[in-house]
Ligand code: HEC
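One chain comes next, on its own, written out as structure tokens in the form predicted alone.
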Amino acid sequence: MARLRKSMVWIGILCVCFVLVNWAAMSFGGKKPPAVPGISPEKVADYVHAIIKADRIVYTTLVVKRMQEKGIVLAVEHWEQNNALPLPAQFLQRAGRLVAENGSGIRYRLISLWPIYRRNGPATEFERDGLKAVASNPDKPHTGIVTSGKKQYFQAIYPDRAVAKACIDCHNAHPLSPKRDFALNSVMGGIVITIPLE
């Protein structure tokens, strides 16, 4: 046991020496450290979007649709008061708020050119342009670098399509909806993903 402890101490000392030597070489050698290959923000946004899209489809088709068809529980707008399931859009918005609160810096939300509630409309010109772009060309996300204060962010807007009849029925019938002619697979808005650039 004593021998193991002594070995661990020496390994710790060697690690500290290695870190100090490398720090000194980088600080005083006048050379930049080699670039570390990483994942581009475009790829990160694509990965995040793939997860969001899969979760949304699973929730909409395998939870909400099945529960409603079996008469077990409904998904309704005022789900908390009615002891019901959140609507798929509410599920996505709630998950996006939880992600924003975890401190990673990544954020996502659902927005639309035809929001039922104003808070779900585009917040910037970039978002407005992005929604128009994915509505006309849903096969390609709208991406760019945006600035907020002194920080820069990579932002990607992906089309949000109506994947179930419940989505279009809700939007087409809602009294506050500014658009009432959605059909299955219509682009109803966009999922905007924001990634900090450091």
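Just so we're clear, the structure is a prediction, and the values are computed from it rather than from any experiment. Numbers follow the displayed sequence, beginning with 1.
Omitted here: the form predicted in complex with the ligand. The next part is about that form.
- Stretch 56-64 is the answer when you ask which of 132-140, 56-64, 39-47, 145-153 has residues with heavy atoms within 4.5 Å of the ligand in the predicted complex.
- Taking I106, A84, A95, L87 one by one, only a single residue has any non-hydrogen atom within 4.5 Å of the ligand in the predicted complex, and it is L87.
- For the chain shown alone, P122 is not a contact residue for the ligand in the predicted complex, no non-hydrogen atom being within 4.5 angstroms.
- Using a 4.5 Å cutoff between non-hydrogen atoms, V163 counts as a contact of the ligand in the predicted complex.
- Under a 4.5 angstroms non-hydrogen atom cutoff, the ligand in the predicted complex has L110 among its neighbouring residues.
- For C167, a non-hydrogen atom is located within 4.5 Å of the ligand in the predicted complex, even though that partner is not displayed.
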